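In structure tokens, the next block holds one chain alone, the form predicted on its own.
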């Protein structure tokens, strides 16, 4: 059911997302200290928080790394799907429906993206 809903939404809705964080006009991309190009966890946290705060139905003052989309922000399942889609766009990755259905909080989004091998 959720994957059919997600597929229908993907065909019709796009949530605008900025391409990168900006600091004094220059783009910032943090790298991990161990030499590969895997995203630093703090960079993932900052970008996930930014995407969630940018969602039109969200009160930015309520967003924390541990916030639950439905319980804490009052979002419905359609809103959650839209946030996951925005995160896919922000990090240039595709989250399989089975995994996307499990992401219902900033914490789970952060963990999934940080552990994803090709997240940008």
Partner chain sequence: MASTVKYLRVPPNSASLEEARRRVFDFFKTACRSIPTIMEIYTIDDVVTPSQLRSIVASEIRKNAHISNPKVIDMLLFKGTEELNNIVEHSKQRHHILGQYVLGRPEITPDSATKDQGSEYLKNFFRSNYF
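Residue numbers count along the first chain shown, from 1. Quick caveat: nothing in here was measured; it's all calculated off a predicted structure.
Omitted from view is the form predicted together with the partner chain, to which the following refers.
- Though the partner chain is absent from this view, in the predicted bound form it lies within 4.5 Å of a heavy atom of just one residue from 45, 95, 39, 63, which is 95.
- Among residues of the shown chain, residue 100 is one whose heavy atoms approach the partner chain to within 4.5 Å in the predicted bound form.
- Although the partner is absent here, residue 86 sits close enough that one of its heavy atoms falls within 4.5 Å of the partner chain in the predicted bound form.
- Contact annotation: residue 76 falls within 4.5 Å of the partner chain in the predicted bound form, judged by heavy atom distances.
- Looking at residue 71, you'd find every heavy atom of it more than 4.5 angstroms from the partner chain in the predicted bound form.
- Residues of 47 to 68 that come within 4.5 Å of the partner chain in the predicted bound form, judged by any heavy atom, are 56, 57 in sequence order.
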